[in-house]
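A single chain, nothing else alongside it, follows as structure tokens in the form predicted alone.
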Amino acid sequence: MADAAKQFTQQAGRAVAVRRRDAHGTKSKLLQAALRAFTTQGYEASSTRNIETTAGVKRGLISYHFGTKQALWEAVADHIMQVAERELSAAVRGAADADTDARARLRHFVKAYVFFCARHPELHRLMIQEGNTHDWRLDWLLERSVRGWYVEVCRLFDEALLLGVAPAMNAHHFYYILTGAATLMFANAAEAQALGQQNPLDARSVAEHADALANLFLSGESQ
């Protein structure tokens, strides 16, 4: 009897583990499909039915795992922002540790930001979708991460400007010039490849773009 009970318990445990693994896999598929939909079609044009079809899962599983379309969007956006916070915080720390020279710090940061944008073009696509209208989604993004990131970038630039190693401009303009220049080639990768006959996401291309942008902001000087 004891052996039978032990075997039953083990089988039940394995069944629970399988269900949890399957549920995790389903949620992951839904998040990836929703990410593609929200960043290319926008929130309003993205239907839960099409997201489930793209994910290859049964109808109704968005409701089961997330509850609502809004909750699904928030889960997708939160995932992107977690990645951004982790990697961009590392870029800022790396800039602070790079050198005592403000020019070297700014250069390090700009290059690290370009590499981040190449790894995660979906973040820029999401901001393009949501930055057109001031509604609950934009407020959510601003308060979740974007406003804090904006303040940090402006602080870093103002420090370099004060020391005379950054171009003469307002930090607000620097933020948007940097963001546009660092992201557009990767967010529009198909266009960039068609025009330049080179995969913009190739490691060499990304490195060249990072150097070019850093040189542009630092009077063409390289280190």
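Every value quoted in this text rests on a predicted model; they were computed, and no experiment measured them. Residue numbers run from 1 along the displayed sequence.
Absent from the display: the form predicted in complex with another copy of the chain. The rest refers to it.
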item: One stretch from 179-187, 47-55, 25-33, 60-68 that, in the predicted bound form, holds residues within 4.5 Å of another copy of the chain by heavy atom; value: 179-187
item: Contact test in the predicted bound form: Ala192 vs another copy of the chain, heavy atoms, 4.5 Å; value: yes
item: Contact of Asn132 with another copy of the chain in the predicted bound form (heavy atom, 4.5 Å); value: yes
item: Arg125, heavy atom within 4.5 angstroms of another copy of the chain in the predicted bound form; value: yes
item: Contact label in the predicted bound form: Arg155 to another copy of the chain, heavy atom within 4.5 Å; value: no
item: Heavy atom of each of His172, Gly196 and Leu213 within 4.5 Å of another copy of the chain in the predicted bound form; value: yes
item: Contacting member of Leu138, Met81, Val92, Ala104, with respect to another copy of the chain in the predicted bound form [4.5 Å, heavy atom]; value: Leu138
